[in-house]
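The data below hold one chain only, encoded as structure tokens and taken in the form predicted on its own.
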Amino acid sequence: MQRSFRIFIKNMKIKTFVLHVIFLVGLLSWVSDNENSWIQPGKGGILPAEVAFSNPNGTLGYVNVDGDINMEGHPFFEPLGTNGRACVSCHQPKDAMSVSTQSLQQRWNETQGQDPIFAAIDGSNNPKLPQQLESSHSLLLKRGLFRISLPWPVKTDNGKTIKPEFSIEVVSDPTGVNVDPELGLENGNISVFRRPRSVANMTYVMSPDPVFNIKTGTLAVTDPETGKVVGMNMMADSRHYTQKQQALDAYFGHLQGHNTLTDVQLKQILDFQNKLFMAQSHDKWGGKLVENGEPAGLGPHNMKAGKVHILANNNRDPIFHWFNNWKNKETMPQSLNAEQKDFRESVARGNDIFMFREFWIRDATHINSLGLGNPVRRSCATCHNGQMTAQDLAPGWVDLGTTTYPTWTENHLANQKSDLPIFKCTCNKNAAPHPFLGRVIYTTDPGRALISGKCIDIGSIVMQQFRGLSARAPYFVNGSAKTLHELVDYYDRRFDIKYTEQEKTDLVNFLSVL
């Protein structure tokens, strides 16, 4: 009898092992099938509760608190508008819930430009251009930019027009959209081009700064439906304060919907976004990034377990916690090879540079204009201060010069032909000028000023979270940094930091594992 029981247990273990193998093969097959292709609107299927997608630096991992998601009939994955798009069109899991130019170019080639992502309304430089030509979609294919059409002069959420502190002229526009009598300024519209933002880890992104808005010196904004204070870090210009407002705007705009989203559909979309956690899980050089929960700042499971709204620009409770186990080869698992250990040491140094390497921050609106001094000696973590995401806990709009002239991307850029529209913003005589650029500002995107109407906000863009960077190149709101190295170089030039090449490499390696 004992022998029969042992045989039974042995057979059960074999069956359990086989089931585990079948599940793992199925999961890997799901990833393999999807890692090089698009999740198409209306395709259906199951998005597993835990799933991973490859990217140039390794693997991006997801954890969904609600478990497996049936994409069939789910409003995030269904084409609810009239142009064949769904929310997932511009927020692909493989691309960190955004889109990358690598995926966009691949999608163009696979569909001969017929995928709904290239819809004329905003997936092309100008909806009146010949849509079958790649050149008509160059800003999307080369920079990952979608056209955002906004009313001018500024209007509040309830449609009331605000008198802005500045006027706008079109200096040049190779897209032709802003000088078009029907689509441009003449008809009360201004078009700018921006990258889509990630819609995972949203409980962190939407975490509100309590009561007071340090950027404006006024009380914080509240949700008109609930009366509760809301965060303002969701969109590049913070024009919508709630996820519900953003979802409805995307439905009527990007999806060209004609009816509306039901309360049930809105709840499903928001639940999906708020319960989805994302972070890089494996690195091609460093191997598996999290072992026994360490380092505590990496991986999707640590994202799920983290606390929101923690000001972490200090050495007591750092933004991405500590990398102590990666600072010394002796404390690393002996199973790692020399290359993996070298990479982890580099990441740990990069974290320390991000947290503690000080430099002079100067002429940056909503940093140096808040009374901190100009210049002020701080580190990257001063502004990127929210634990686990490195967003600003306060409303995060800042003018770093990514869209304004003279820009700091390239010293000679002002003399080059731009593929983006260029606007001349002139502050009214009775308005305070831009604190660092004066009364006349040239910009490719006025940013927050298109919503507030204030001169001080011209060029200010809301900073994004740092998660999934390896999966969603290029970077900055206008896609001007093609790689993480270009991103680091930008800051090095902008603030004359004088990073060594090793420091740059360490920072890039650090950013790549987030």
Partner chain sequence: MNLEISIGDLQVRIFKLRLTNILVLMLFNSLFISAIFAQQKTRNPKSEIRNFLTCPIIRDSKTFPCWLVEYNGETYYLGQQGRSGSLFYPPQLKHQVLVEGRIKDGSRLCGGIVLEPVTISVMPELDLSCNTLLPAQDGLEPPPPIPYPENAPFADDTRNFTILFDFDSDFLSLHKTRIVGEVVRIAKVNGLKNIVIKTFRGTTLLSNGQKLIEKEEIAELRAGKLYDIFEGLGFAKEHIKLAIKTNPEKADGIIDVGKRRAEILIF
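Just so it is clear, the structure is predicted and the values come from calculations on it, not from any experiment. Numbering follows the first chain given and starts at 1.
This next part talks about the form predicted in complex with its partner chain, which is not shown.
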- Message: Which residue, Asn325, Thr82, Ser369, Thr111, is the contact with its partner chain in the predicted bound form, using a 4.5 Å heavy atom cutoff?
- Response: Ser369
- Note on the structure: in the predicted bound form, the residue from Arg362, Lys267, Lys304, His74 with a non-hydrogen atom within 4.5 Å of its partner chain is Arg362
- Note on the structure: With a 4.5 Å heavy atom cut-off to its partner chain in the predicted bound form, the contacting stretch among 271-279, 83-91, 205-213, 142-150 is 205-213
- Task: Would you check, heavy atoms only and a 4.5 Å threshold, whether Ile168 touches its partner chain in the predicted bound form?
- Result: no
- Query: Is Gln102 a contact residue for its partner chain in the predicted bound form, using a 4.5 Å heavy atom cut-off?
  - Reply: no
- Message: Does any part of Pro181 reach within 4.5 Å of its partner chain in the predicted bound form? Heavy atoms only, please.
- Response: no
- Can you check whether Val154 is within 4.5 Å of its partner chain in the predicted bound form, heavy atom basis? no
- Considering only 308-340, what residues come within 4.5 Å of its partner chain in the predicted bound form, judged by heavy atoms? Asn313
